[in-house]
Every structure is written in C-alpha cells, then in structure tokens.
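Listed next as structure tokens is one chain, alone, in the form predicted on its own.
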Amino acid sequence: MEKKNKSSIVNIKSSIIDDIKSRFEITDIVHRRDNMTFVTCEKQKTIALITHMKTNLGFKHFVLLTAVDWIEDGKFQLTYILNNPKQKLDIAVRTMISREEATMETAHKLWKQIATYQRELKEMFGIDFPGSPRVDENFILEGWNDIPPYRRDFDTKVYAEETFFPRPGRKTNDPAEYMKKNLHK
C-alpha cells in the first residue's frame, strides 16, 4: 500500500512539473523528497507561475516566503513554498533578484498572509514589494537606521561593539578549549 501511494505521488508530481514546464521557463528542478520539489523561474514570471499553481494545480496553501543573500553574485534568492493539500505535495518556486535593485512584485492578493512575509523581508533584507500592505511600516526593528541586518554585508559583531557596552564580570571563552575543559567533569 505504501509503495503504491509513493508511486502515485511521484506520478502526480511528475505531471504537475510537466504542466509547469510546458507553460513557464523552468530551470534547476531539484527533487528533495518524493513530495517536495524546487523549481527556479525568472523574476518576471514568478508571480504568474505561483498564480497558475494556486488557480489550476491545487496549490491552495501558502507555506513560506524566504530569502537568501548571494552577495558574491549580487543577488537575492526568493523562495515561495506552496502546498497542494489534496495531493500532499510541496513545490518551492525560487527566483533571483538583484541586490542593487531589490524589488519584487507583490503576491499578497493570492494569499493575505504573504504580506507579512514581504514586510519582514523588506525590513530584514531591504527587498521591496511595492503595493504590499504596510510594507513600509516598521515590523520588528523600530527606529532601525542601519543596513538591513540579514544582508551578509551587515557586521553583527561591529554593530554590537558600537551599540552595546561591555558588562563587568563577563569573560569570553574559546569554545574548543572550554569544551575540552568542561566536557568530562
């Protein structure tokens, strides 16, 4: 019974991926698990792709929107993870956007909760989603005036040293030495 279900999931996923490939220019198809696949799409077609997935392919549940800073390439990777509850299948749609002009079309009309993720990405990475509700309002970092803290060029150590004062009685331990000393007491 389990083999049959696993086989049917793979067949359904294959048919969905074929449908997506026939309509959109998809690259880098990566199968993580039987029920989880990542696809990459160009920025201009990403919202159309996730709209198609929701409207025509049963991906009714929005799971997550996240970003990765590829500073060496001058890009951010956005990943939209969608779930088809009927088929018990997840597909993550990835797209690359420029770090210098970090903007992406909003998808809040598809799933209202996406606006919260977009607002967080604006504040933490500096990625703008024009037209997204409350995207320009403070989310977590009230009064923040430095570069967005999730960008890889933000130096957490320097920021902490310049912002906070050292407390007396605190000492720093070398983790390797500390573990050797305290591991087998």
Partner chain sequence: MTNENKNHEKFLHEENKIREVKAPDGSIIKVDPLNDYFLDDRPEIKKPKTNKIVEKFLNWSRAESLWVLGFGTGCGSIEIPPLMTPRFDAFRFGVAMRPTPRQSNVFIISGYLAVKTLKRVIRSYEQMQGPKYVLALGSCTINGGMYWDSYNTINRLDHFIPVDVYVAGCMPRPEALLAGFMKLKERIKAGRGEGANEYAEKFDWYKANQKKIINDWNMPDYNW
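Note that the structure is a prediction, hence the values are computed from the model and not measured. Numbering follows the first chain given and starts at 1. If you superpose the two forms and keep the largest set of C-alpha atoms that fall within 1.5 Å, you have the rigid core.
Just so it is clear, the following notes concern the form predicted in complex with its partner chain, a form of the same protein that is not shown.
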> Among 138 to 146, 60 to 68, 42 to 50, 26 to 34, which stretch sits within 4.5 Å of its partner chain in the predicted bound form, heavy atoms only?
Replying inline: 138 to 146
> Is E161 close enough to its partner chain in the predicted bound form to count, meaning some heavy atom within 4.5 Å?
Replying inline: yes
> Closest heavy atom of T172 to its partner chain in the predicted bound form, within 4.5 Å or not?
Replying inline: yes
> Is there a heavy atom of Y150 lying 4.5 Å or less from a heavy atom of its partner chain in the predicted bound form?
Replying inline: yes
> Taking 4.5 angstroms as the cut-off for heavy atoms, does Y117 touch its partner chain in the predicted bound form?
Replying inline: no
> Core-aligned, is the CA shift for S15 between this form and the one not shown 2 angstroms or more?
Replying inline: no
> Relative to the superposed rigid core, does the CA atom of T163 travel 2 Å or more between this form and the one not shown?
Replying inline: no
